[in-house]
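What follows is one chain in structure tokens, specifically the form predicted on its own.
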């Protein structure tokens, strides 16, 4: 069993799991390091460029963790939306025939 789940079912993706908490923590760290890194980089400090590089790595890690789950939720939502619009169109056609 891997630490980070990469394959999701629609039901499992809709529930809160450890990947969500990992993404929350990484997003806060990413935001803070990005802000500090950009500010220090504008001052042309070496530490700023290093922190900026670390923030990019953390952001990519956050994306890697949460993206499969978000894609599954999005595809399931699109499927439901498509079915709903199809039903709505059938209802509309039926009412127009009256």
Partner chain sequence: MISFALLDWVWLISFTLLMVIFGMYFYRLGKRSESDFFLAGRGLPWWLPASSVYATHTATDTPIWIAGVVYKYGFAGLWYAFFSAWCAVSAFVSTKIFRRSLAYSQAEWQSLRFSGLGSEMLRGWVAGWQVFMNMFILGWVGIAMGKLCGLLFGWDLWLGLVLFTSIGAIYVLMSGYWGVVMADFQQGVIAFFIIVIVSIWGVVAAGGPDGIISKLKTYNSTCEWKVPAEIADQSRASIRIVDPETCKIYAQSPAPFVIQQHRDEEFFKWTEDRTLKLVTDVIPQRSQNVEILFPGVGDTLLAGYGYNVIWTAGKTGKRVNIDFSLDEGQTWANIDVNHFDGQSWRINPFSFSGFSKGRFPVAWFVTMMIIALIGGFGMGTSFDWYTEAQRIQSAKTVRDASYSIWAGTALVLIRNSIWAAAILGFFVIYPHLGRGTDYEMGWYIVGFKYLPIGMVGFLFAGILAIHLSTVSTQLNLGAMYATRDFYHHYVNPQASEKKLIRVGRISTFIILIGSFIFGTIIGEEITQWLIFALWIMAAGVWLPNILQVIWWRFNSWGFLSAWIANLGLSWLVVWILPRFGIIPELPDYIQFWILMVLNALIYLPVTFLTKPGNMDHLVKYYVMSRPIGFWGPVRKEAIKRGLLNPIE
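Positions refer to the first chain, counted from 1. Bear in mind that the values here come from a model prediction, so they are computed numbers and not experimental data. Superpose the two forms; the largest set of C-alphas matching within 1.5 Å is the rigid core.
Keep in mind that the form predicted together with its partner chain is missing from the display, and what follows is about it.
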May I ask you to state whether residue 6 is within 4.5 Å of its partner chain in the model of the complex, using heavy atom distances? no
My question is simply whether residue 66 lines the interface with its partner chain in the model of the complex - judged by any non-hydrogen atom within 4.5 Å.
yes
Discussion item. Please tell me whether any heavy atom belonging to residue 49 falls inside 4.5 Å of a heavy atom of its partner chain, as the geometry stands in the model of the complex.
Written reply: no
| request: May I ask you to state whether residue 17 is within 4.5 Å of its partner chain in the model of the complex, using heavy atom distances? | output: yes
Looking in the model of the complex, the residues of 22-43 with a heavy atom no more than 4.5 Å from its partner chain, listed in order, are 23, 24, 27, 28, 30, 31, 32, 34, 35, 36, 38, 39, 40, 42, 43
Just checking, between the shown form and the other one and with the core aligned, does residue 81 shift 2 Å or more at the CA? yes
